[in-house]
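Shown below, as structure tokens, is a lone chain in the form predicted alone; questions about how it binds or moves come after it.
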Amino acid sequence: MPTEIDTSLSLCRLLEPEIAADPYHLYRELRESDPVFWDPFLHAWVVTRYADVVTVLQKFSADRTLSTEQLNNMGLGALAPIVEVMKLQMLFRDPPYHTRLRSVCANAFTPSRVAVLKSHIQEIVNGLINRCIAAGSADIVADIAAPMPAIVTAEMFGLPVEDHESLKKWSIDFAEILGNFQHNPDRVARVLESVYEMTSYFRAAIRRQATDPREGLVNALTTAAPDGTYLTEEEIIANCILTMIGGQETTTNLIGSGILTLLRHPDQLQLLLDDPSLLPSAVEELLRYESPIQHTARVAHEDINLGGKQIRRGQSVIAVIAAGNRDPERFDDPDRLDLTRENNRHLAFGWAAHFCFGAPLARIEGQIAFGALVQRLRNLELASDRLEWHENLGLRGLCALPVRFDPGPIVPVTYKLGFLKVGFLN
């Protein structure tokens, strides 16, 4: 490891409000001066070039949860119940365990199945916009970006849609553990409570399948035997929690930060208004430009040389996806928003075995939400310059996005709770 270290490059600087508001200057400095950087505060390598990030996501191990002994030695013993859940989640496992779980969950999110949901999601979005459009003002996050994916997620799981607010609250709490390097002791109790509540909730949902089966992901996980054996109840609970968070937080953050990005680039917003056919490429560019997932971690399973640095077996590596997405060696003029950008193979959904299986749904949700918002909210503008980002260093999203617009008409919708039918197992 290097003996002389520039501590100003540490990712811990993301805790500084001015860096959190715009982390891309720090990422660029890292990528240009030390693209494979040993972070002395995080005790991990930080990788920021596109090609190196791909290498880490392809070749390094995802199995990185800590043992109870390690947690106690770090003074984090209170997190043990949370880590016990994480150990069973496919995000933190390698094949074949990862493959066994992913095969069942991914079956619910194929492009063909997601395409069936398009008109239904459109009605959900229009219904949410209807609630605020007459007022001429809204909070894009609270009114649209948070409830829309929560409702869709509840329906895809086969859960009561009226529970979507609880699902969203739990999702935010658990995501704090997934996205941060350090954990605020004042919030640990709240996250533990949410884990207990989520575990009890999904355990009850699983057991209801025996007497009152409801089509959806909970039923699919309960009845599937991907390798000839059924998943345990604890495995189902852990991966319901993971899939629920993945289905909500990234989409909420994409919509919130995406609208902010468009408002800060009025020429690109006008381009999208003039040509709605750009929605698919616009979503890809917004994913690249403001990645909802900023970084992820892996562990070296053997000694490896990366970018001229010797990474030892067992050392942690943080792949900064958001930095790779701004790498000029991969993207022309990467700090410029270009909704017409071609060959936009960004890293926002990951890479290789852990590529996000919910990507087809996130893309459709993004296209529908952006299309409806920019078309229906006429003369859209920020209502405040005071913006606050979540204190989540890995999952980047706005706490709120207050906007003003011209009051508009209500759009008739026929959406009814519980309408969604996907056909998970046929």
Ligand code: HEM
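A residue's number is simply how far along the shown sequence it sits, counting from 1. It should be emphasised that the depicted structure is a prediction, and the values quoted were computed from it without experimental measurement.
What follows is about the form predicted in complex with the named molecule, which we do not show.
The named molecule in the predicted complex is not approached by residue 216, whose heavy atoms all lie more than 4.5 angstroms from it.
Interface membership of residue 257, defined by any non-hydrogen atom within 4.5 Å of the named molecule in the predicted complex, is ruled out. Contact between residue 358 and the named molecule in the predicted complex is found at the 4.5 Å heavy atom cutoff. Interface membership of residue 171, defined by any non-hydrogen atom within 4.5 Å of the named molecule in the predicted complex, is ruled out. Contact annotation for the candidate site: 147, 191 and 393 all lie away from the named molecule in the predicted complex (no heavy atom within 4.5 Å). Think of it this way: in the predicted complex, the named molecule has a heavy atom of just one of 164, 265, 341, 354 within 4.5 Å, and the residue is 354. Contact annotation: of the candidates 224, 278, 83, 242, the single residue with a non-hydrogen atom within 4.5 angstroms of the named molecule in the predicted complex is 242. Note on the interface: of 269-277, 291-299, 201-209, 331-339, the segment with non-hydrogen atoms within 4.5 angstroms of the named molecule in the predicted complex is 291-299.
Contact annotation for 242-279: residues with any non-hydrogen atom within 4.5 angstroms of the named molecule in the predicted complex are 242, 243, 246, 247, 250, 251, 254, listed in sequence order.
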